[in-house]
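Only one chain is shown below, in C-alpha cells, and it's the form predicted alone.
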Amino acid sequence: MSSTGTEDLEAFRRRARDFARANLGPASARTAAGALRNDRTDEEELAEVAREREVQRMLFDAGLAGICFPTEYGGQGLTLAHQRALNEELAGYEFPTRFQAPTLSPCAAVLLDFGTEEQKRRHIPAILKGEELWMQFLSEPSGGSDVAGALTSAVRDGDEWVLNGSKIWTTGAWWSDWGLCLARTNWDVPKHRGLTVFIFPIRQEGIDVHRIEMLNGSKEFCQEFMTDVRVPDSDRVGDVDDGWTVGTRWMFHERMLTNSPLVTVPVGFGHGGTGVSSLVAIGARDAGRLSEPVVRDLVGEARMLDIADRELRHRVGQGIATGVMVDQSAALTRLFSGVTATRIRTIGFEVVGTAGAAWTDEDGQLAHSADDYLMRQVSQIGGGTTEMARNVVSERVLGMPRERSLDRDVPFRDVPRGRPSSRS
C-alpha cells in the first residue's frame, strides 16, 4: 500500500498476473472473433454465460472486480492506471466479456451517476459479483437512432408506473436479468423533455422477449414487448421528465465502451470487432496465403488499424479524464472503432478468398469468414451508430452548426410519425 492507502501499482500488477495464471483458462478465439456468429447451441451459450458469472465472481473475490468503482459499492476504489494494468495482465486469458457492455458500462455507470443510494447499494455489488447481467432497453422499432423519440409509455399509478411499448436490438436479453429503460412520461412537451428512466427485472409477467434471427442464423438480438409492466417509483432513475439528462450521459458511457475506466477488456481484445487483426493473420496462414505480398499488405493494414484504434482510445480516454478534451470526444473513438472493425472484417474475407464461401469444421479461421463479412456493419450500428457519432463530433466537439430539427419545440403528441411496428 502507498502512503495514500492506494495499492502500489506494481504490487497490484503482480497480484493480477498471479491470479490469471492460477485461475483462468486461455482466451477463446471465438470470443475474440465476435461478429454474432451462429456457431453454438442455446445450451452452449447459456453454459458460457454461467461460466462468465463464475469468472466475474472469482475476480470479485480476488479484489480484481470494479477496479475504479467506489469501495462503498463493492469496488476497489483504485485508479485508471490499475485498470490498465489489469487489462494488460489478462491479455490472452478468458474474461467475462458479457459483463463489460452494457452491464458495467453504460448500465452500472448510469446508476453511479444518477441512481439513488439504495439503488447503488442494491445493484452495483450484485453486478460486480456476477449475480446480475443488465441490458439497455433503448432503441425502438419506429425510432432508429432517434432515441429521444421513444414511444414506450410510462403512466403513473400511485407509487408505481405502468409501462407499455416495445424495445429492440437488445443483444442477449434472453439470458439477462435487469433492464435500464427509457420511457415517455409526458406527451405534452417537446420530445427531449418528456422522458424518464426506469430499471426493472427482465424476467417478469408482462415482458415478452422475442429473439430475432439474423441473416447468419444468429438469434442474439432481441425485441421486448412490455404490456402493463408495473415498476415501483423507487426504481426510477433520475427525475420525472428529466430522462434526457440521464440519457445524454447514458449515451456518453455507451460510446466509451472499452475506453471506459469501469470495464475490464484485456489488451488485444476489442469489443465490437476490433482487436482481431491477429485472427486475420491466422486466417491467411490457414488459407496458405501468408507468403503472398498482397495478403501480407492486407494483414499489415489490419494490424495498423488495430494499433491506431488502441492508441486513439488511450489518448481520448486520457484527454477526457484530465479535462483536456470534452466528454463528447468519446464519439471519436466510437466512430473510428466502428469503421475500423468493418474494414478488418472485409480484410479477413479478402484474405481467405474463395475458401470463405464454404468451409468445414477443420478449416480453422477460414470458417465463418463469409458470415463475418456479411455481418460487418453490426460494428457501425450497435453501441450507437457511426452516423450519430459523426453528428456528435461535428456539433459537440468541433462546434459546427446543429442540423435543423422541425420537431424541436413541438409537443411530442403533435409530432407527425408513422405507426410503430407491431408483433408479427
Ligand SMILES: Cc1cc2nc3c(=O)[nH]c(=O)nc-3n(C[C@H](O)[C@H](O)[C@H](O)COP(=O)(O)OP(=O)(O)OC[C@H]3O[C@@H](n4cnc5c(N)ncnc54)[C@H](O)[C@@H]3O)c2cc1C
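Position 1 is the first residue in the sequence shown; the rest follow in order. From a predicted model like this one, the values you see are computed outputs, not experimental measurements.
Form predicted together with this ligand: not shown, discussed below.
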170, 340, 264, 333: which sits within 4.5 Å of this ligand in the model of the complex by any heavy atom? 170
Pick from 196, 258, 152, 136: which residue has any heavy atom within 4.5 angstroms of this ligand in the model of the complex? 136
Looking in the model of the complex, is this ligand within 4.5 Å of a heavy atom from each of 204, 207 and 226? no
I'd like to check something about residue 221: if you look in the model of the complex, is any of its heavy atoms closer than or equal to 4.5 Å to a heavy atom of this ligand? yes
Any chance residue 164 has a heavy atom within 4.5 Å of this ligand in the model of the complex? no
Verify the contact flag for residue 288: yes if a non-hydrogen atom of it lies within 4.5 Å of a non-hydrogen atom of this ligand in the model of the complex, no if not. no
In the model of the complex, residue 378 touching this ligand (heavy atom, 4.5 Å): yes
Given that the partner is absent here, state which listed stretch (144-152, 292-300, 114-122, 87-95) has heavy atoms within 4.5 Å of this ligand in the model of the complex. 144-152
When this ligand is considered in the model of the complex, the residues of 369-384 having a heavy atom within 4.5 Å of it are 378, 381, 382, 383, 384
